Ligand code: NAD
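Shown below, as structure tokens, is a lone chain in the form predicted alone; questions about how it binds or moves come after it.
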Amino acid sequence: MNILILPGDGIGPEIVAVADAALQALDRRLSIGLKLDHQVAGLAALQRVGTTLPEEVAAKARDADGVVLGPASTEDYPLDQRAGINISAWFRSHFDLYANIRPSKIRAGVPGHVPEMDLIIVRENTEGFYADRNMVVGTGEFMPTPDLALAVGKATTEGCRRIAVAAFELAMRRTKRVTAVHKANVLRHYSGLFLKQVDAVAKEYPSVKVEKVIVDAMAALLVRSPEKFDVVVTTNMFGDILSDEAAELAGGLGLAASLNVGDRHAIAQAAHGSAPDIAGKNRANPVAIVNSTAMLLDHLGAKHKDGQLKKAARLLTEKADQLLISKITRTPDLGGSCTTNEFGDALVNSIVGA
């Protein structure tokens, strides 16, 4: 199983190093046949070869079974699109990574803001109102005059159907409940098309219970009663916002795991940014990228019907969660005193000694 490792920018090299070490430990423990390829993208690549995403790295990502991608400091990239390629957006577009899977749950010992929650937000990842991914040529955002800005939201029948299928398939492996979040009372065509496809797909999964919630109500319900939700499916922007809210309720973005999935490719990528203010200080929380990596292993295990990969995914998640119980092995963002490196060493030791 070939995994491409791209450390990224800011805290990326520090936290991805933990996920990298964990993968190596899992391979030693379970003999899962991992081949790790370490390449450079982002600001380091820009300095070295003049572009944030060299062609050979993009080709390696295309050929890999999966990618572990660190966060990017895109605000520091040059405006020249050939030099300052937004790596995450490029992968999502060129690899058609249409499903962004973002789980949030309350963990023992972690100071969350709600007593109970264990849900997954399934976010459409290639359409919507985000201008960098909803057009073949140009972007969906433009200004006819200096005083007028317009943004186009894109929803297609196929795009809405396939994200609904992803959500219902996930629900079948959990508690068979799907919540579709929308704004059809205002965006009658855009959200209406999304709901139409949710309804069509629901007929193919008669055992799954479906409810529909308007997005502003959902934002409130996540605070009030998040335990009522399991699999939440929605369009791009709504999913981006709600998943950050859910992550914060669970303890913070340092725990916000994420997997970008298409029919052929999958990329593990923490939902948080590059946090340049703490880069190099050995205090970043690596749990988000570690659990994203576990999600990648689980996805590859299911795809290739490989029980050992799925076992490795479970082991990695369990060991990371166990370390969060004690302040001694929690990073400062979670009220602990552990450094990034110390967490990584504890995780590896726990895996190898499992």
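Only a predicted model underlies this, so the values are computations on that prediction, with no experimental measurement involved. A residue's number is simply how far along the shown sequence it sits, counting from 1.
Missing here is the form predicted in complex with the named molecule; even so, the following discussion is about that form.
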Checklist entry - Which of 191 to 199, 173 to 181, 273 to 281, 223 to 231 has heavy atoms within 4.5 Å of the named molecule in the predicted bound form? => result 273 to 281
Next on the checklist: Just checking whether P71 would be counted as a contact of the named molecule in the predicted bound form - the rule being heavy atoms within 4.5 angstroms.
Outcome noted: yes
Item to check | Non-hydrogen atom contact T52 with the named molecule in the predicted bound form at 4.5 angstroms | outcome: no
Checklist entry - Taking heavy atoms only, is T293 within 4.5 angstroms of the named molecule in the predicted bound form? => result no
Checklist entry - Though only this chain appears here, would E75 touch the named molecule in the predicted bound form if you measure heavy atom gaps against 4.5 Å? => result yes
Next on the checklist: Would all three of I32, D306 and N349 be in contact with the named molecule in the predicted bound form, where contact means some heavy atom lies within 4.5 Å?
Outcome noted: no
Checklist entry - Among the candidate residues I106, L253, V208, M218, which is the single one with a non-hydrogen atom no more than 4.5 Å from the named molecule in the predicted bound form? => result L253
Next on the checklist: Given a 4.5 Å distance limit between heavy atoms, list every residue of 6 to 44 close to the named molecule in the predicted bound form, or none if there are none.
Outcome noted: I11
